[in-house]
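In the block that follows, a single chain appears as structure tokens, in the form predicted on its own.
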């Protein structure tokens, strides 16, 4: 405890004092203009008092109350830390300051709902937030950074938290929309007023106008077939290019690399016409065939992995009388579990989420749609207002297999990317 106080007084005294001053500035900002309304400006505290005296109620009010409470308590802890500087006080201040920063950030997204629910304004936008709010939010964030520097906490956690929120926000939005009871494409609030499972149930009922179950089965068939066939092709191609030397090998690899630099959609028209000529257009078999035809061009990562396996193992197996096929099946593949999982996941993901080629291939044949094409069909301007919540429910169902597979096989996926071999 004494060492901590010594550190604060010595190396971090300036940051400590800055944190105290900025925390007090953030507290003062609660009384500065927060909302620009037609009839005048309102401070955070002023709006909160109006909400307490009003008859309306909304779940969003918790964000303005929480901002005031945590900003006030954090300012009190800032003053206390001046007279009693120890690790416990500083850590407590850090936690409270983090909560104040979070609530002031969430206040930005809930102000429109607060203004509408309280009757202050029906046309409020975030551009109407006044300078007092920005002083409050920026002051809370700067104070948190300074306190973390005093307590020797890695400031990178803030960046990771912000990035995590940015990444999770659209996912949370689509999940909440999937359970939303109110229909419609756009609503002016984040948390639904009512929750229901009907959006999921309606996707699979017999009287549904959407053959979602059929689309899901189509996608699963294509993904599984592509997964098995493409994985075999990629692994065999990679093994041959890694372990054997033959005339034209480098030229072949260079050609594949150059072709792979061009976007795949450049050849879509030509591929479609070929499939139409042989009678395979608007069929799931066409997707499997086209995916298998170009699978060999994805050999690079697998080949790099096979290159890390010592060739002495192959030579020892050859001395024992093993053929190339036996070495591949009984020696190389058992040592390559991570790259096999990586290739399987990549093949499955590619087929599961493919949209561009299936949308061209199937045209108006709904019975052959995959989920990517089917869900996009729901977003047409004629249907989106009616089926948007069902679209969100379908998106959640489509994402579940991918999330489960990735979480289950994540360790092997990372090992495959690193190209490492154990043992």
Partner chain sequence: MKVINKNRNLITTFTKGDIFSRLSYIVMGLANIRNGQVIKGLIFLMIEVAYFMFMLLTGRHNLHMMRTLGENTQGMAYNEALGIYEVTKGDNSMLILLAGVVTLVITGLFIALWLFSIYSGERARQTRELGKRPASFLEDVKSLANENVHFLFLSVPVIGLSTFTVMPLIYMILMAFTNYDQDHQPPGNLFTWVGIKNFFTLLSTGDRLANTFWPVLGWTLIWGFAATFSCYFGGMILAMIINSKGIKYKKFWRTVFVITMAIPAFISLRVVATMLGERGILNVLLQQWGFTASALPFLSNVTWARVSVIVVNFWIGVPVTMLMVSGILMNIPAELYESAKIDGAGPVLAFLKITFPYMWFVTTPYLISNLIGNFNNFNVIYFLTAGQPLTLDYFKGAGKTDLLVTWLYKLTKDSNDYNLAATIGIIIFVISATFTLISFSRSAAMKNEEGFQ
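Predicted model only: the values in this text are computed from it and were never measured. Positions refer to the first chain, counted from 1. Think of the rigid core as the biggest set of C-alphas that the two forms share within 1.5 Å after superposition.
Heads up, the form predicted together with its partner chain isn't pictured, but that's what we're talking about next.
With its partner chain omitted here, the record of contacts in the model of the complex names 349 to 357 of 349 to 357, 81 to 89, 220 to 228, 68 to 76, defined by a heavy atom within 4.5 Å.
Although the partner is absent here, residue 379 sits close enough that one of its heavy atoms falls within 4.5 Å of its partner chain in the model of the complex.
Its partner chain is not drawn, but in the model of the complex it has no heavy atom within 4.5 Å of residue 119. Its partner chain in the model of the complex is not approached by residue 49, whose heavy atoms all lie more than 4.5 angstroms from it. Its partner chain is not shown here, and in the model of the complex it never comes within 4.5 Å of any heavy atom of residue 30. For the candidate set 181, 187, 95, 313, a heavy atom within 4.5 Å of its partner chain in the model of the complex is found for exactly one residue, namely 187. Note on contacts: among 334, 279, 194, 156, the single residue with a heavy atom within 4.5 Å of its partner chain in the model of the complex is 156. Of all the residues from 295 to 312, those having a non-hydrogen atom no more than 4.5 Å from its partner chain in the model of the complex are 296, 297, 303, 307, 308, 311. With the core held fixed, the Cα of residue 243 is displaced between the shown form and the other one by less than 2 Å. In the core-superposed comparison between the shown form and the other one, residue 338 has its Cα shifted by less than 2 Å.
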